[in-house]
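A lone chain, given as structure tokens: the form predicted on its own.
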């Protein structure tokens, strides 16, 4: 699941130079995080109307990043053609897909943060660094690329204090990796030395 959070409303207003706006929410990741489902879309609609915008319509697509037919979206939402711009409450993937078909200005209402998931109704963030070369099993299922603030692959930096990262408020990923490997009886994995990631694998190669 793509982890996103809603931008500050004032920042959204600063982006939106147009008056006539159509709002699109996402029924997948953004809905689960309560950042772009129907309640949030309706709340955004009210805020924008209070700010003087004319909302030509709104919808929540089943998945903003996976659209079978843009023609179907248009036929079911005539307000899109009446709008000067679209405000999309989804991850960057959804915004990009819609931008490719809409033929008009599209604005993101959310900031995409990481690839995470949901377990027992709890959203867990920063679970995958999307490096294109997954070796997470070597780290007890904890991705150091995203969980470590410095993306270190071969052990802790030594800057953590009482298990807290020196960069920000997160717990030291390498403390967690050590404890997980210990539980699994795989502490020998820490002795492996890993080459730097090939960052070419994270890039989309042109045909």
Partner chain sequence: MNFISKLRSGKFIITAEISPPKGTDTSRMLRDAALLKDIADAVNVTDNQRAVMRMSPIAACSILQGKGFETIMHITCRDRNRLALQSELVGASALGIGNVLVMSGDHPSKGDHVGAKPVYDLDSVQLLGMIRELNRGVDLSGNKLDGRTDFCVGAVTNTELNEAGLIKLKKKIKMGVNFLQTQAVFDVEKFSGFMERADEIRSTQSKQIKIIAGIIPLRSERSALFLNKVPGIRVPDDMIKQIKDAKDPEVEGMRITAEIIKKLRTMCDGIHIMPVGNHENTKKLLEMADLI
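Residue numbers count along the first chain shown, from 1. Here the structure is a predicted model, which is why all the values come from computation and not from measurement.
Quick note: we don't show the form predicted in complex with the partner chain, though the next part is all about it.
Remark: residue 178 counts among the residues lining the partner chain in the predicted complex, judged by a heavy atom distance of 4.5 Å or less. Although the partner is absent here, residue 51 sits far enough away that none of its heavy atoms falls within 4.5 Å of the partner chain in the predicted complex. Residue 169 falls outside the set of residues with a heavy atom inside 4.5 Å of the partner chain in the predicted complex. Within this chain, residue 185 is remote from the site of the partner chain in the predicted complex, having no heavy atom within 4.5 Å. Exactly one listed residue, out of 138, 42, 149, 65, brings a non-hydrogen atom to within 4.5 Å of the partner chain in the predicted complex: 149.
Contact with the partner chain, judged by heavy atoms within 4.5 Å in the predicted complex, is confined among 42 to 50, 150 to 158, 55 to 63, 26 to 34 to 150 to 158.
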